[in-house]
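Next up: a single chain in structure tokens, the form predicted alone.
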Amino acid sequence: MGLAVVLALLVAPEDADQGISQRIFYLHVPVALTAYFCFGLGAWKALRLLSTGEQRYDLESYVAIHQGTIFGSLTLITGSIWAKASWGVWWTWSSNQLVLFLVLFLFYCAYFMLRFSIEDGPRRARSSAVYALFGVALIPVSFLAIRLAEDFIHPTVFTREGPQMTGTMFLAFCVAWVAVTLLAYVLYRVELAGKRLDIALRELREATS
């Protein structure tokens, strides 16, 4: 993460059109891609739960979706800051790609409302898994909306001809993407370990009481 910050702020050249405000690109895009990945991972774990019946996938799906909502929040925040700095607006409802990502984010926020409205057990695990799988259909729709957009909010940086940026910019982006992905993985493993420890301690208390 330190190397990514140095490359994004000090090494990569300023964008000719947007100036210094474009540097948030190196955070915003990797964070958005990581949010998509976490939501997709949560859906994959949910599918594994429904196909195998192994309860460990329920917790893994929950933690992945939880991380996805965290990075989804960061995506909306950094995107709004970038839009305001570069184009003078925090948000516009006329932009389909912004609205679709917001719908995706709110859909997975509602996942927690469903999950914690049901008593802990196999029924909650199955209901949460089915809900998570429904949400995965919104991921490619949201991503393609950004790719196909032609308005000023989401300029297309990656085309069939390759990345529309200098080599130094592309290097900074790749390092930032790897750094944010590794950060998400570490957070996922730490939260998962903490949840499993909490469950083990609760079972131990119940066994000794």
Partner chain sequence: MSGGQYVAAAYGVFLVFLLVYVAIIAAKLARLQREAEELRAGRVDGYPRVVPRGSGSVEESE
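Please read all numbers here as calculations on a predicted model, not as lab measurements. Positions refer to the first chain, counted from 1.
Absent from the display: the form predicted together with the partner chain. The rest refers to it.
Engineer: Wondering, does residue 194 line up within 4.5 Å of the partner chain in the model of the complex on heavy atoms?
Structural biologist: Yes, contact at 4.5 Å.
Engineer: Please tell me whether any heavy atom belonging to residue 3 falls inside 4.5 Å of a heavy atom of the partner chain, as the geometry stands in the model of the complex.
Structural biologist: Answer no; every heavy atom of residue 3 is more than 4.5 Å from the partner chain in the model of the complex.
Engineer: Give a yes/no on whether residue 67 approaches the partner chain to within 4.5 Å in the model of the complex, heavy atoms considered.
Structural biologist: Yes - in the model of the complex, heavy atoms of residue 67 and the partner chain come within 4.5 Å of each other.
Engineer: With heavy atoms only and a cut-off of 4.5 Å, decide whether residue 11 touches the partner chain in the model of the complex.
Structural biologist: No - in the model of the complex, heavy atoms of residue 11 and the partner chain never come within 4.5 Å of each other.
Engineer: The partner chain is absent from this chain, but in the model of the complex, do 23, 74 and 187 each have a non-hydrogen atom within 4.5 Å of it?
Structural biologist: Yes: each residue has a heavy atom within 4.5 Å of the partner.
Engineer: Within 4.5 Å, heavy atoms only, one stretch in 124 to 132, 93 to 101, 110 to 118, 74 to 82 touches the partner chain in the model of the complex. Which?
Structural biologist: Flagged stretch: 74 to 82.
Engineer: Here the chain is shown alone; which of 169, 49, 38, 31 has a heavy atom within 4.5 Å of the partner chain in the model of the complex?
Structural biologist: Of the listed residues, the single hit is 31.
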